[in-house]
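We begin with a single chain expressed as structure tokens, specifically the form predicted on its own.
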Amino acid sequence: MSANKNFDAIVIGAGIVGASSALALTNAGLRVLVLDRGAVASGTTGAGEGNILVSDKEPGPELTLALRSRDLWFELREDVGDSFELEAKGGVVVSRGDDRQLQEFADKQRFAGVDVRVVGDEELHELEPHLTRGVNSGILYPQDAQCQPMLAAAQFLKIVRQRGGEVRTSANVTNIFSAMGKVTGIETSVGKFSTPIVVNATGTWAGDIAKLAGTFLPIAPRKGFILVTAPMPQIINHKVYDSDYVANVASGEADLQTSTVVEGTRSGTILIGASRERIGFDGSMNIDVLRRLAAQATSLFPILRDVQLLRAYRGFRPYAPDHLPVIGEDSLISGLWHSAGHEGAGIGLAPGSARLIADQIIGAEPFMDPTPFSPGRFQAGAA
């Protein structure tokens, strides 16, 4: 295969997962090319809230990944600079009824190493003075954080360029070449490139990229809406959400589900969510869903009834059937690595996912067992 250039690794996808992967590989000493058919952070990353959460993870491999990834976010800020509004704001989870399940969930997380603090009525309303008096207990998660994901992706890729890598946008991948079951390069709308390593970090389109290489990933889009208020003085101090948010995240239901999630941003806007629905790439606005989200938010924070909405937007989260991300080398094509299927946790899990892949590529000991995330769990018989 003729090629324009040779690279140690090519990352497909310039969202936060791809940008993190490119930075980790660059820092490991590899010469990296990043490709995206659109612009930087033009997919799911551009429609994300910037959540870096441990509070919504069941004890298990994803929580282990989330805890390490959360710390890596702050290590990366030291490496690349403080330009993406990273803030350890903490999360508060509340239950509007019987809170026994919430307390039991928190106990399991504490045992798994999460910083969990039970707060009663008085402390809860000191933490969030505008919270409805109908809620009188909650769980504080100091480790929960937030960033501006588009700024983070852009900054990571800026550093990749400074350290010898390349980034090409408006570059559509049309083929992935392999010989004897090993990656040899790719073909794109801007030329051909040789490489022994391709990282598929294309979010909801990861299954399509896998198909180009002759393999298989069952990644599907899960649609969600976010409301954004006009900028205002700070009235919400943490990420605050109802306990049913955790159940909705873990649900395999395709039908519409909504739960209350409210948080402020450094710019003064307030983000209101969250909805989940598997209806393909239907990008239409659903006014009924927006009304439901607004009603749920104002029932938790009555002060929001007088706040003006600035806009609403939607995005597609990359959904894997077993709710675990796909992170690792393809079981059918050597040199093809996947980092996808993170659903709504992609921003928070991006640095840890990138480190897992980079460590395995360079032969370093990974910080955790990567086996639960292996693409092979979906690929038996796919050949």
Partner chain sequence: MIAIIGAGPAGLAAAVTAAKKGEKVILIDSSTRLGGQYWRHLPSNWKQKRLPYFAEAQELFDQVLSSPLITWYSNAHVWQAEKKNEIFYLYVVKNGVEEVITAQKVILATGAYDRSLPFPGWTGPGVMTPGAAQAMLKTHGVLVGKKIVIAGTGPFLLPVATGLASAGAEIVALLEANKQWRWVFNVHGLLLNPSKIREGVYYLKKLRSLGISIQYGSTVTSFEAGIATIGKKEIACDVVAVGWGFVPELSLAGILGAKLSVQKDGTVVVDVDRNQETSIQGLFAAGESTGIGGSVLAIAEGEIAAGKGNRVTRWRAQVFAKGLQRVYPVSSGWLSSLNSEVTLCRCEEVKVSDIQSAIDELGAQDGRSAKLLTRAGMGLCQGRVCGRNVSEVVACHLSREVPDRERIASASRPLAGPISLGELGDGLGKKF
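A quick note: this is a predicted structure, and the numbers were derived from the prediction, not measured. Numbering follows the first chain given and starts at 1.
Below, we refer to the form predicted together with the partner chain, which is not included among the displayed structures.
Engineer: V160, G164 and L356 - do all three of these have some heavy atom no more than 4.5 Å from the partner chain in the model of the complex?
Structural biologist: Judged in the model of the complex, none of V160, G164 and L356 sits within 4.5 Å of the partner chain.
Engineer: Please run the contact check for S42 against the partner chain in the model of the complex: heavy atoms, 4.5 angstroms, yes or no?
Structural biologist: Heavy-atom contact with the partner chain at 4.5 Å: present for S42.
Engineer: I'd like to check something about V190: if you look in the model of the complex, is any of its heavy atoms closer than or equal to 4.5 Å to a heavy atom of the partner chain?
Structural biologist: Answer no; every heavy atom of V190 is more than 4.5 Å from the partner chain in the model of the complex.
Engineer: Can D82 be called a contact residue for the partner chain in the model of the complex at 4.5 Å between heavy atoms?
Structural biologist: No, D82 stays farther than 4.5 Å from the partner chain in the model of the complex.
Engineer: Against the partner chain in the model of the complex, would A312 count as a contact residue? Criterion: heavy atoms within 4.5 Å.
Structural biologist: A312: yes, in contact with the partner chain in the model of the complex.
Engineer: To verify the annotation, which of these, T169, Q103, Q234, N175, has a non-hydrogen atom within 4.5 Å of the partner chain in the model of the complex?
Structural biologist: Flagged contact: T169.
Engineer: Counting non-hydrogen atoms within 4.5 angstroms of the partner chain in the model of the complex, say which of I139, V240, I209, I272 makes the cut.
Structural biologist: Among I139, V240, I209, I272, a heavy atom within 4.5 Å of the partner chain in the model of the complex occurs only for I272.
Engineer: Which one of these stretches, 65-73, 340-348, 321-329, 42-50, sits within 4.5 Å of the partner chain in the model of the complex when only heavy atoms are counted?
Structural biologist: Partner-contacting stretch among the options: 42-50.
Engineer: Pick out the residues of 297-317 whose heavy atoms come within 4.5 Å of the partner chain in the model of the complex.
Structural biologist: Going through 297-317 in order - heavy atoms within 4.5 Å of the partner chain in the model of the complex - the hits are T298, L304, R305, D306, V307, Q308, L309, L310, R311, A312.
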